[in-house]
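Just one chain follows, in the form predicted on its own, and it is written as structure tokens.
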């Protein structure tokens, strides 16, 4: 069954929303500098893709955790597929048409809504059509399977990047060979050549980004914790979309400075911090404002998101850029906890974070279409229970707002806060 194209452009809507938020932040004397930098960075990202499409220049679409630092070094505009679906849900709330179109193409509701929505968006023609699809087996089977369908819908070539499960010198060299093949593919299809000096500089900047992320995580250990709940999505989006980019470093440095000043002043993200929470997996994007209100109302602050913010140890070498990019893929927090064998070390990361950040409870946002993360719910609940940290599981969908209502979520979260109050 085919779906007729309709008017409208979801990415343009995200860009307009980001520009509006830039103006709003600049208009408020107490607006955070980091927010202005972030939304400007996001608006520029969307504009670059839209302009490339308008001018007929080559641009690519890539899946989550694909090493888009290589695309930056080759001056190839690129669009993050899953994050585009998430941003559409967050900034526009308009995902019903995308999800319906995905269903019309035969994608079952058990499939991740980010991929269902993305496929539907391309079928509807409400996202710019790429000249190449790039995808990998990181971090789930939905991602590994999506590329061929997107190639078919967009009538374009693609490249699948295979990243081995385990981390050893042999696997690293295998991935380096895969990266070289991908660069050759992109050079042939795009006409752009790899700028190896630019790639080395990008890797050096990625190392700086990792250092700042670690500094930010340390600052969030303070009591009261200084970081607001919506900031998590900004940090997540920054390392998804802007690896090794100067504007990302400027934004992260602003966040670090703001948090350092708040810690020095003893100022928390909420006026009265009562509950320090650990967030596991991604909250529903379309309800970030709602969750912020609850945070303020109940004095509940997410102080750590170990699935996404625990970068651990390890360093990158600009003199060996492809090897560094390969090693970086094993440092990604999600890759450690949601991809490949679930090791004792991965579980220990969760329990250590609970202790280090002095959390009172954990909230696991169980995304309906994410089978591999939902499979870990009991494992992490049991591990946290052993150190006397209760965990609430909130069934939800990261893109589809019809899965549950704000009232349902509020009731579950309020009951959980009442339980924490009694402890």
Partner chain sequence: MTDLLQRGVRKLQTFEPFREVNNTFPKTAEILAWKQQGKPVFGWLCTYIPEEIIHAAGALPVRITGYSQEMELEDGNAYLYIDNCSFSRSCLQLGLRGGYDYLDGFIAGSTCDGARRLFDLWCTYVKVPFSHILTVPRKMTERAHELYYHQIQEFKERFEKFLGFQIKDEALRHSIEVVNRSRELLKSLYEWRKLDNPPIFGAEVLEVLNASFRMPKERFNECLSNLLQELSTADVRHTGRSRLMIVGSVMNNHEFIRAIEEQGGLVVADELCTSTRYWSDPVVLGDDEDPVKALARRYLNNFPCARMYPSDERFNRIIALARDFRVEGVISEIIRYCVPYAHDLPLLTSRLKEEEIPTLALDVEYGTSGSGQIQTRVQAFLEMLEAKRK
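Predicted, not measured: the structure shown is a model, and the values here were computed from it. Positions refer to the first chain, counted from 1.
Same protein, other form: the form predicted in complex with the partner chain, not shown, and the subject of what follows.
Comment: the partner chain is not present in this chain, but in the model of the complex one of 345, 94, 352, 141 has a heavy atom within 4.5 Å of it, namely 141.
None of 106, 266, 289, 271 but one reaches within 4.5 angstroms of the partner chain in the model of the complex through a heavy atom, and that residue is 106.
Just one listed stretch, out of 163 to 171, 82 to 90, 187 to 195, 249 to 257, contacts the partner chain in the model of the complex at the 4.5 Å heavy atom level, and that stretch is 163 to 171.
Among residues of the shown chain, residue 177 is one whose heavy atoms approach the partner chain to within 4.5 Å in the model of the complex.
Proximity of residue 110 to the partner chain in the model of the complex: non-hydrogen atoms within 4.5 Å are present. Within this chain, residue 366 lines the site of the partner chain in the model of the complex, having a heavy atom no more than 4.5 Å away. Using a 4.5 angstroms threshold between heavy atoms, residue 148 counts as touching the partner chain in the model of the complex. Candidate site formed by 214, 218 and 415: none of these residues places a non-hydrogen atom within 4.5 angstroms of the partner chain in the model of the complex. Looking at 61 to 85, no residue comes within 4.5 Å of the partner chain in the model of the complex, counting any heavy atom.
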